[in-house]
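Presented below, as structure tokens, is a lone chain in the form predicted on its own.
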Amino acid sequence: MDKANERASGLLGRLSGFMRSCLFKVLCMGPIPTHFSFIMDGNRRYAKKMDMGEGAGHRAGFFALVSVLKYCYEVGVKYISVYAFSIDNFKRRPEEVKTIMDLILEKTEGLLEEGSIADQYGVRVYFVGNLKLLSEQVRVAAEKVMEATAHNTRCVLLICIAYTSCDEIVNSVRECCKDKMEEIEDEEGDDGRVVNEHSAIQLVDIEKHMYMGVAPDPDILLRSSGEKRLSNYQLWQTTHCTLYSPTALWPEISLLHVVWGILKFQRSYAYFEKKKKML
């Protein structure tokens, strides 16, 4: 009986994979987003809805994330970014923060294992944000993963942790000031004026120092749970970006939502491309 169930399960898995492959081939007839960004909202509400213990909603959310990553990589999305933990989330109850950080540490260390999604799909992983705010254990694990995946080139995963856009922008301006200080001082004339106008901070300088500077701006941003707020996430990068807010909580996000998001991107693609050319 067990062998029969295994064969049936294997057959259904292969059939599901075949149908998904056919669906993705149809989707690829149109433009595919280069960068798909996600705000993973609703883990706690899902746990409450399903009467689960503390942290169980975030664990369920992790399994949803793995599925979403597979779908995106299979359809040809090059960059994926996820809002894993905001700086503001540190204000939550210490017990909840510890539970989430323990899960992040566990799953981060799992990325180093053979057979992980990073290994299967050749994913380069970046941890993006003010990493100094993390515990040493989590920060060291993140650094090991970034180093271990540095030579992967097929896909890129950006995990935004200890991140907010305000902090990103302030940090970028601060770094620009540091870079420019010597240059400005060297180019001051006898009257104290800057001789070379290029010594002033330019837009390109700020963007170079952004945490998200390792990836192109997102083409589509999906926020689960029906919320239509960016919550201090990628404010600088989402000027020309399709926004999609399905009502499903994050652990409920499925292949259907990824496909529908790509279709929404394709429908608005011509409009956003036209807007970009007008800049």
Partner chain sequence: MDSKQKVRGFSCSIHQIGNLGLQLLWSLVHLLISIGYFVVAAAAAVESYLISSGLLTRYKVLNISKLKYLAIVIESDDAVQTSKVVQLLRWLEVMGVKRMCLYDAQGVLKKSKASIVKMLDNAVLFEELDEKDLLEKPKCMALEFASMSDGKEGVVKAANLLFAKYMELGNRDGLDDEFFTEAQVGEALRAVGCKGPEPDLLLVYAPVRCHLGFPAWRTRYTEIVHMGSLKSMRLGSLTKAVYKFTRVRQNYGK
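All figures in this text were calculated on a predicted structure; none of them were measured in a lab. Positions refer to the first chain, counted from 1.
We do not show the form predicted in complex with its partner chain, though everything after this point is about it.
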- Message: Within 4.5 Å, heavy atoms only, one stretch in 73 to 81, 104 to 112, 118 to 126, 159 to 167 touches its partner chain in the predicted complex. Which?
- Response: 159 to 167
- Query: How about Lys275: is it within 4.5 Å of its partner chain in the predicted complex, going by heavy atoms?
  - Reply: yes
- Message: Is it the case that His151, even though its partner is missing from this view, gets within 4.5 Å of its partner chain in the predicted complex, heavy atoms only?
- Response: no
- Query: Can you check whether Met50 is within 4.5 Å of its partner chain in the predicted complex, heavy atom basis?
  - Reply: no
- Within a 4.5 Å heavy atom cut-off, is Pro216 in contact with its partner chain in the predicted complex? no
- in the predicted complex, does each residue in the set Val26, Arg44 and Leu230 place a non-hydrogen atom within 4.5 angstroms of its partner chain? yes
- Partner-contacting position among Cys241, Leu249, Met212, Val68 - heavy atom within 4.5 Å of its partner chain in the predicted complex: Cys241
- So which residues in 250 to 268, when you check its partner chain in the predicted complex, have a heavy atom no farther than 4.5 Å from it? Trp260, Leu263, Lys264, Gln266, Arg267, Ser268
